[in-house]
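In the form predicted alone, a lone chain appears below as structure tokens.
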């Protein structure tokens, strides 16, 4: 039953804005050296310090608009678009692999659009699959404990998306998407034995995917001992350690990073937390981790107090979308798990990831308007 609206979750709004503010400052700090050295020309020999952060500010502005729209759009109306969104996502993921349509960067074909306005359909897939499965499971809560009618169909729908993302190839995003589906299945009330079997099968599948691709196996081996190949597979993790270690308790100081000077690859994207640790120390990284902890707490609180099953499932999935990516990124940067290309939500530089993350937060805020006070 629908409830009367009230103000959206204020703590979630403040937490999101704080993470965005930290992200803007740190994207500038982590990218200014790269920006200056990559934009030098005969006309501008000094380069342009603000090249990356200027683009990031544009994405933040667009993302905030998307978040505002998401917070105003009644989340029950999104259920009507669930099936359509899923189909469109599958089509876009197929288009990525069509020669002449998909855009290749850094050896992977994951983007659609026209330069410089490109996006990753896999980012949309996280949201559309969450919406589709939340709608599907909310209508079949009484069947979730059966395998053929309750568990198998969402696994098939998820498998189609994950299979297409793996063709890009993108194991990290595939794991995130599957984990979001697993969270939904768990929240919907699946049997524990089904969940345990699913967990074992998932780990086995990940190991197979790692071993069939030499570069993934090299990453796994370098994760165990990055100094065995310090100039190639272990380089990025070693440089991350060299950033986090000297940062100490309070860091070298804002904009004083050494590792961002072409030692740590992509310091303003996937490994921006290492630069935060170098410049702001343990205090800075702890603050970021704490803010993500608060975000997850508020998201779960919204899910627990949602007025219907669809709201519970959708809020859980959206919280997992942001929370899981943050946990994976932090684990990668600290060397807790093998390196994979997952950005730090709301903080790493990037367009499509930021916009769709803020869109997800907007919908989460809309659900909070109808929660039990």
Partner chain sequence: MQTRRRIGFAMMVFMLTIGALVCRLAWIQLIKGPELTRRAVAQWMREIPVEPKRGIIYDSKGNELAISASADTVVALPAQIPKEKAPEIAAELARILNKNAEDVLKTITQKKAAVYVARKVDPEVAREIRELALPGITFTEESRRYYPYGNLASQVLGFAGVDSQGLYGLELQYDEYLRGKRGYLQYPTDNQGQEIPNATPTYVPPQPGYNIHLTIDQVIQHIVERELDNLMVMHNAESVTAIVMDPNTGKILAMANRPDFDPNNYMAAVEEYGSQSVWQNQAISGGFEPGSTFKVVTATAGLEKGVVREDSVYYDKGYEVVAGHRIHCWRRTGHGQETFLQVMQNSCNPGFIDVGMKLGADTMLEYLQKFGFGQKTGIDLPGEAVGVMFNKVGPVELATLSFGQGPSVTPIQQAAAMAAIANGGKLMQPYVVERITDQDGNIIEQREPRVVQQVTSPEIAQRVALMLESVVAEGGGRNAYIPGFRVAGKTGTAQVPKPGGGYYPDKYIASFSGFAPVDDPKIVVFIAVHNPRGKYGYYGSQVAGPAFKSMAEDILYYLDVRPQSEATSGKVQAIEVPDLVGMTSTEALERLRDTGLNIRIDGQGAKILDQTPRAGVKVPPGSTVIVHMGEKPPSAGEPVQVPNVIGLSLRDASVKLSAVGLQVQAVGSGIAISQSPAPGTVIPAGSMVRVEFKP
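Residue numbers count along the first chain shown, from 1. Treat the numbers as computed from the prediction; the structure is a model and nothing was measured.
From this point on, the text means the form predicted together with its partner chain, which you will not see here.
Thinking of its partner chain in the predicted bound form, which stretch from 236 to 244, 81 to 89, 158 to 166, 118 to 126 has heavy atoms inside 4.5 Å of it?
One stretch meets the cut-off, namely 236 to 244.
Position in contact with its partner chain when the complex is considered in the predicted bound form, options 320, 26, 53, 342, heavy atoms within 4.5 Å
Contact residue from the list: 320.
Option touching its partner chain, based on a heavy atom within 4.5 Å in the predicted bound form, out of 101, 141, 197, 108:
Comparing distances to its partner chain in the predicted bound form, the residue within 4.5 Å is 141.
4.5 Å heavy atom contact, residue 173 and its partner chain in the predicted bound form:
Outside the cut-off, so no.
Determine whether any heavy atom of residue 72 comes within 4.5 Å of a heavy atom of its partner chain in the predicted bound form, and answer yes or no.
Answer no; every heavy atom of residue 72 is more than 4.5 Å from its partner chain in the predicted bound form.
My question is simply whether residue 296 lines the interface with its partner chain in the predicted bound form - judged by any non-hydrogen atom within 4.5 Å.
Close contact exists here: in the predicted bound form, residue 296 approaches its partner chain to within 4.5 Å, heavy atoms only.
Spell out, yes or no, whether the shortest heavy atom distance between residue 222 and its partner chain in the predicted bound form is within 4.5 Å.
Because no heavy atom of residue 222 falls inside 4.5 Å of its partner chain in the predicted bound form, the answer is no.
Under the 4.5 Å heavy atom criterion, name the residues of 122 to 140 that approach its partner chain in the predicted bound form, in sequence order.
Sequence-ordered list is empty.
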